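Let's start with one chain on its own, the form predicted on its own, as C-alpha cells.
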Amino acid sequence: MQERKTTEHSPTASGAGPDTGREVAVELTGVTKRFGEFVAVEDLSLDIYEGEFFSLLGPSGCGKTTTLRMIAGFDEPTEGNISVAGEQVRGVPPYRRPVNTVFQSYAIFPHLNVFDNVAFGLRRAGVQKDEIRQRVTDACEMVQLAGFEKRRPNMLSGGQQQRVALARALVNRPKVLLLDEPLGALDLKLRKELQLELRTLQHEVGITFVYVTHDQEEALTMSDRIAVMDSGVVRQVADPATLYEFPHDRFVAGFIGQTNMFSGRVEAVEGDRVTLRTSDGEKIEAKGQEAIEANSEAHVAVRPEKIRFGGDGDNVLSVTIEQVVYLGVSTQYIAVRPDGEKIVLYQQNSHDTAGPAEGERVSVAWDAANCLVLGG
C-alpha cells in the first residue's frame, strides 16, 4: 500500500513537498471504510488545501466515491478521522457539515423553478427574503443562468440543469464543495466546455473543490492536484504534469494516458541512469526515480509522444508499422517489434511531415530521460 508520505511528499513521486503555506481544508487521517469484509478504502491519509481544486481519480470501485461520501457525512469511516475546516466531523450529520455536494443526477426539484431550486437551502436555514434574493441572483449570474430564474427544470438543457445544481450548492457558501462525477451525464462537447467553466468558477469563488471522476483527461484539465486511487488505496498524489510525466508505478503510468512498457533485468545503474535488458535481448536506457539494484527485475515506460521515427536517440528499435490512425492534429502509429510486442507512438501532423505506411519497416527512437523506471 502506498502511504501519503511516500506518494505526496516524496520528490520522486510528486515533484514537490507539502504546501505548508496554505491552510488544510480537508484532512483525512488513517481512514478505512469496510462494508462487511470488503475494504472499500484502506488507511487513507490525505491533506486537501483551502482554495484547491482537488480530484479523486480512479477506475470504478476504487473507493473514490466512498471517500467523498465520508467527507460529506453520508457514510462514516470504520476507522480514522476526518476534519473539515479544522473541525473533526466524524459523527456530525451531513447538514451540519460546512460542505455541499453536487451529484451527477442533478437532484433538482422538478416542480420548482430555477430561483426556488437555488433558494431552497437558504429558506430552510431561515435566511431573510432580501438576502435570499441577492444571493440567488449572484449565484445564478456566477453559473451563467441570469435570466433563467423563472424557468422550470423541464425547460432547461442537461448542462443548464447541472448549473442549477451547482448554484444551489454554491449559494450556501460552503467551505468545501464536493462534486461526484457531475459532468458524467453530458455529451462530450458540453462536458469539455463545462470543465473549463468549472475550473474558472472555482478560481473566482476560491472555494475548495473535491472532485470525483474516472476520466483521466477531465482530471488533468481541471485539477491543481490529483489523487490516483486503486483498490481502496492512493497510489500517487501530485499535480497533473507530474502525474503524467513522472508516474510513480505501473498502475499510475497505465491509467493516466497511454504508455509503452518494457520489462527486463537491470544490467547496470550509474547515478539515475538505468540499463535494462529485455527478454528478447533489447537494451533499454532509462531514468531511475528511486534506488534500484543491478540484476533486479524492473519495468520501464515511455509515452507515445516521446518516441520518434529514425535512429537518433538513446534507445533505438526496429519495428514494423501495423496500423496508421489519422486523429486530426496528430497521427497514431501502432508498430510491432520482432517479438510481437506492440509500440504506440504519435506524430504531429503538418504540411511537411509524412509518416511511414502500414507494413513498412522503420526505426523508432527515444531518449533515456523520457523513459522511466517504475515501481509496482
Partner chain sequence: MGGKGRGWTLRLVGLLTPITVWLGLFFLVPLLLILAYSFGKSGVYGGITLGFNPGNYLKVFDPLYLEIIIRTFVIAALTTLICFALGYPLAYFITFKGRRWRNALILLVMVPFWTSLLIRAYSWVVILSGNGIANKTLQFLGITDAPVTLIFTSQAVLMGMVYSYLPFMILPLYASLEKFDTRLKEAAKDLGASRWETFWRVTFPLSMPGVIAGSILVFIPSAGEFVIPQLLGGSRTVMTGSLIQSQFGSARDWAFGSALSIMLAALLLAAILFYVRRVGADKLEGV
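Numbering follows the first chain given and starts at 1. Predicted model only: the values in this text are computed from it and were never measured. Basically, rigid core = biggest C-alpha set you can superpose within 1.5 Å across the two forms.
This next part talks about the form predicted in complex with the partner chain, which is not shown.
Student: Are all three residues Asn100, Ile108 and Asn172 in contact with the partner chain in the predicted complex, where contact means a non-hydrogen atom within 4.5 Å?
Tutor: Result yes, every residue of the spot touches the partner chain.
Student: Residues in which of 263-271, 127-135, 91-99, 238-246 have heavy atoms within 4.5 Å of the partner chain in the predicted complex?
Tutor: Selected range: 91-99.
Student: Please tell me whether any heavy atom belonging to Ala85 falls inside 4.5 Å of a heavy atom of the partner chain, as the geometry stands in the predicted complex.
Tutor: Although the partner chain is absent here, Ala85 would stay clear of it in the predicted complex, with no heavy atoms inside 4.5 Å.
Student: So, Arg163 and the partner chain: in the predicted complex, are they within 4.5 Å at any heavy atom pair?
Tutor: Arg163: no, not in contact with the partner chain in the predicted complex.
Student: Gly121 near the partner chain in the predicted complex, any heavy atom under 4.5 Å?
Tutor: So Gly121 counts as contacting the partner chain.
Student: Would Ala298 count as a contact of the partner chain in the predicted complex, using a 4.5 angstroms cut-off between non-hydrogen atoms?
Tutor: Contact with the partner chain, no.
Student: Tell me, out of Lys192, Arg277, Arg152, Arg199, which residue has a non-hydrogen atom within 4.5 angstroms of the partner chain in the predicted complex.
Tutor: Spelling it out, the residue with a heavy atom inside the cut-off is Arg152.
Student: Using a 4.5 Å heavy atom cut-off, which residue among Ala72, Leu186, Val212, Ile284 comes into contact with the partner chain in the predicted complex?
Tutor: Of the candidates Ala72, Leu186, Val212, Ile284, Ala72 is the one lying within 4.5 Å of the partner chain in the predicted complex.
Student: After superposing the rigid core, is the C-alpha displacement of Leu112 2 Å or more between the shown form and the other one?
Tutor: Shift at Leu112: 2 Å or more after core fit.
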